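For reference, the chain that follows is the form predicted alone, supplied as structure tokens.
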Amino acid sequence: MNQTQQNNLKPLRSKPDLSGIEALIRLMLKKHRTPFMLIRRPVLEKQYYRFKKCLPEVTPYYAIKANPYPGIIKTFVKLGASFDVASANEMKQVLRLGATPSKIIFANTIKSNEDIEFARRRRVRLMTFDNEPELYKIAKFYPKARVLVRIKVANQGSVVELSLKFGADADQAYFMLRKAKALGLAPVGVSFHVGSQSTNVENYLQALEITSNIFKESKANGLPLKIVDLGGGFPIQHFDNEIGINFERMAYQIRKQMKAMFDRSVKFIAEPGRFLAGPSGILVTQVIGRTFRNNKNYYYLNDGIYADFSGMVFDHCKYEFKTFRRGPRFLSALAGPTCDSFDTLSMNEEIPELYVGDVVYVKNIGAYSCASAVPNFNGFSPAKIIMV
């Protein structure tokens, strides 16, 4: 920016937009210091009922890894939701907050002996596996556990591909289920995951067809199954005008495939995490420093990659940065507060001129943000979470 442009931009706020989200943020700024994360309970409820409306035959098990904040879990407990946990610690948390063992799935295909024993003591009987050695562990530490084989399916079009690490080959699924029965376990179904933030409905449709074939093979060999776990991966919008994401249309196609491929007696479950928690979150930060470098404005925020923007690394997520200021937009860079150059959020944001103290906020950041933050790296704490 040249000197004339700088002189024409006065450090005065334009008339504030006091409607909706900005009004809420301004109200919270009077009570709390930044950074803070607003989790909106009405949005959690809206997303839960939206899922139930679009996929009424599917029981949602909230994947608490997306955001294990107690207020979120309590909200879903009150709504009657079930829960997907990956460890004994997650299991302890949801049980302590009111979930019942019958509404929990231990959906980690690799479990420690101690965690399997904990599940047995707390009567969390439903769990997944994707390999034979795991079956021996489960049979030893939790006889008669109910197990679902997780199969490898296509992850094309998903932001985070999970089939690289998890899933048995589909042609081995029946034999693993038969092995589970021989070991004294109760094989009840098939699980899959099409990858996180999946915008390609074909992944679900193909996975359902493959699962249907496994059901048919098992039934023909005297091993009837009753549960299909659709996993998670249901996408959300991160930008206001983002295209290519339509959960309602995706759900319609999934539901149609379910009805075509399976008997009415089959029970369907799923493990949505981002879909339920993501839209509820608003991260509010402030500019704590600024400079002019490489022919662009450079702003330092009081939250960054090592804290609530961690999803940009671990979740490959992109966010829409918003400000209260209006007017001309300039190519700008945004960075976090730590003494690490890796802590850079964006090098090409088109935003108005900002000043120290100005607010920068991000919507749809309720999942995989604070959940994967590094506590107090460089002495900077993650954002305070506020339920509203």
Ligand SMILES: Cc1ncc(COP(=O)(O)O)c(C=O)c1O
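Quick note: we count residues from 1 along the sequence shown, nothing fancier. No experiment lies behind these values; they were computed from the predicted model shown.
Below: the form predicted in complex with the ligand, not depicted.
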| property | result |
| --- | --- |
| Candidate stretches 242 to 250, 269 to 277, 216 to 224, 88 to 96, one within 4.5 Å of the ligand in the predicted complex by heavy atom | 269 to 277 |
| Whether 35, 285 and 322 all lie within 4.5 angstroms of the ligand in the predicted complex by heavy atom | no |
| Contact label in the predicted complex: residue 65 to the ligand, heavy atom within 4.5 Å | yes |
| Residue 281 within 4.5 Å of the ligand in the predicted complex, heavy atoms | no |
| The ligand contact in the predicted complex: residue 119, any heavy atom under 4.5 Å | no |
| Proximity of residue 232 to the ligand in the predicted complex, heavy atoms at 4.5 Å | yes |
| Heavy atom within 4.5 Å of the ligand in the predicted complex - the one residue of 75, 82, 302, 197 that qualifies | 197 |
